[in-house]
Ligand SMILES: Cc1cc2nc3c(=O)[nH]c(=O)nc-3n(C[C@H](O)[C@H](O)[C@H](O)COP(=O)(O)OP(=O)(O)OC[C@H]3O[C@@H](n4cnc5c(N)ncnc54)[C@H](O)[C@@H]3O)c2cc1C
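Okay, here we've got a single chain as C-alpha cells, the form predicted alone, with questions on binding and movement later.
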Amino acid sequence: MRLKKHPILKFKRKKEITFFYEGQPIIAYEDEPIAAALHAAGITTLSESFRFHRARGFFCAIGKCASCVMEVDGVSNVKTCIVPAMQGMKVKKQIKAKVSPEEFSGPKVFKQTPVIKTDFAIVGGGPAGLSAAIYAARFGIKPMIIEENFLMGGQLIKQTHKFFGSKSHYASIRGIDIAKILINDAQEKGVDIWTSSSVVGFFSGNTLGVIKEGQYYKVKAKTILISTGASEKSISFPGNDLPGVYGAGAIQTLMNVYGIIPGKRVLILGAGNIGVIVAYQLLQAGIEVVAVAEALPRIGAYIVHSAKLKRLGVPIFTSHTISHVFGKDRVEQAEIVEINNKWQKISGTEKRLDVDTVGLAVGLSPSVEILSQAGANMTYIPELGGYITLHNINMETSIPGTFIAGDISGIEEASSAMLEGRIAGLNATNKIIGENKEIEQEITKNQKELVELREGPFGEKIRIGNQKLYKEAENNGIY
C-alpha cells in the first residue's frame, strides 16, 4: 500500500526497521509514524471503542483525536499518528487504558522539574509559528518553538499545490517547499526547536507545562504565542467512526508525506478548496475518486481547482450529503442523498457508491484548548470556525503578552497564517525590547498585506467574522 511513483513527490525513505504489532513483525522506515506503517501493512483498525468494541482507525493524523491511541512498549494512550516507529518497538491494540499507579510509566512529573527560560515561547511549529519565530529572531529575540509532532511545518508539509498571491506570500511555490524554506530559515536564525513535545498546561506567570521525552519541564517566557492550528470536523451519520473514514488532512498526510495509499476508491465530502484539492491529489497519486459530494448548491473551491476535477471526469454532486457508510471492520460502501434548501433529505435520490475510503472535508475547528484553560476571553463566531480566542489586530489576547496566529484565530489559508505569525512575532518582540520604528513599519506592512489578501468574494466570510471579533474585543478592553 505504498506509493511507488508520483508526478511531484519523491519519497526518500530512510533506514528500514522492524517493530511488532500484536507479535507480528511490521516493516517501517525511520521517521515514519506507527499508524502510517500499520496502514502500509494493511492494518487499519488501531483501537476499539470501550463500550461496544467497535473498530476505530486513523482520522486526523495530527494528534488531535483519540482514534489512533494504542499501547506502545507498555504505555497506554500513545498517539500513534505522531509517534515514530522504532526498531523492536512492541505495539498493541488498546482495549482499555491502564490507570493504576503500578502500571503507569508516563512522564516523571514528581521529580525535580527543570525550568527553561526564554524570550518568546511559541506553541505550534506550523506556518504561523515558524513565521513568528523568524521575524522575532531578526531583531535579536531568542524564540523557542514547542511542537507536539516529530515533524515541523504543520499543514504545509502535505500541501503539494502551488500558492497564489505575491512574492512575499510565496506565490507559485508548493506548500511542501515553503515548509522547507521556513524550517531552514528558523534553524539558521538559531530558533530553539522542541519537537515531540506536548504543552499540558498554561499557568500564571507566563509559564507553560511541557512534556518532552518523558520529562516534565516548566517553560517561563517573557511573551507567548499560541499557534496550535485547528482540528478536523466530523459530521453525524451511521458508520462515521469506521476505519476508512478520514479527515481530508489525514488523507493528505498518509499520501503526500509518507507515500501510503489511504484506499483504492474514494468519496470526498465537501467541495471547498480543501476537498477539491485533496481529490485532485488523490488522482495525481493514481487513486480513483468516485465522486465529490457537496451539501451547498454550489462548489466552494476556486474555479482553477474544481475545473481540474471536471476535466478528469470526477462527478461533483452539489446539494448532496452523505447518509450512511456501510462495512464491518472498515468502509465498504457509502450512500449519498440529495437535500433540499431546508437541508432535508429527498427520498428516492439515494446513490450507493462502492468505495473503501471516505474523506471528510467539512471544515476545521480552532484548537483553543490551551488558552481556554488559561482563562483567556473566548467567543463564538461561526464565520471564523466556531469558538476562538478574542484578540486585537496585533494578535494579542486578553492575557497580556500572549498572542495567537493561524487557524486558532480563525480558519483561513496558510498565507494568512504566515502573515498573522509575522504580526504576532513582531508585536511580541516590541513587548520585550520596547517600541522600535523598524518593527512598527514591518507590522504595518504585514497588516496591510493581510487586509489585501482578504479582499474579494472569497474573503467575505473572514471579513464579516473579523468585524464581529474586533467589536467584541474592543468591548472587552482588548485594544
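We number the residues from 1 along the sequence you see. Just so it is clear, the model here is predicted, and its values are computed rather than measured.
Another form, the form predicted in complex with the ligand, is not on view; read the next lines as being about it.
Only one segment in the set 84 to 92, 118 to 126, 314 to 322, 373 to 381 has any non-hydrogen atom within 4.5 angstroms of the ligand in the predicted bound form, and it is 118 to 126.
In terms of contact with the ligand in the predicted bound form, the residue from L390, I260, I193, V199 that brings a heavy atom within 4.5 Å is V199. Residue in contact with the ligand in the predicted bound form (any heavy atom within 4.5 Å), chosen from K351, K142, R265, H161: H161.
Although the partner is absent here, E449 lies well away from the ligand in the predicted bound form, with no heavy atom inside 4.5 Å. In the predicted bound form, the ligand sits beyond 4.5 Å of every heavy atom of V245.
By the criterion of a heavy atom within 4.5 Å, T397 is excluded from the residues contacting the ligand in the predicted bound form. Although the partner is absent here, A36 lies well away from the ligand in the predicted bound form, with no heavy atom inside 4.5 Å. Although the ligand is not shown here, in the predicted bound form the stretch 411 to 446 places heavy atoms of E412, E413, A414, S415, A417 within 4.5 Å of it, in sequence order.
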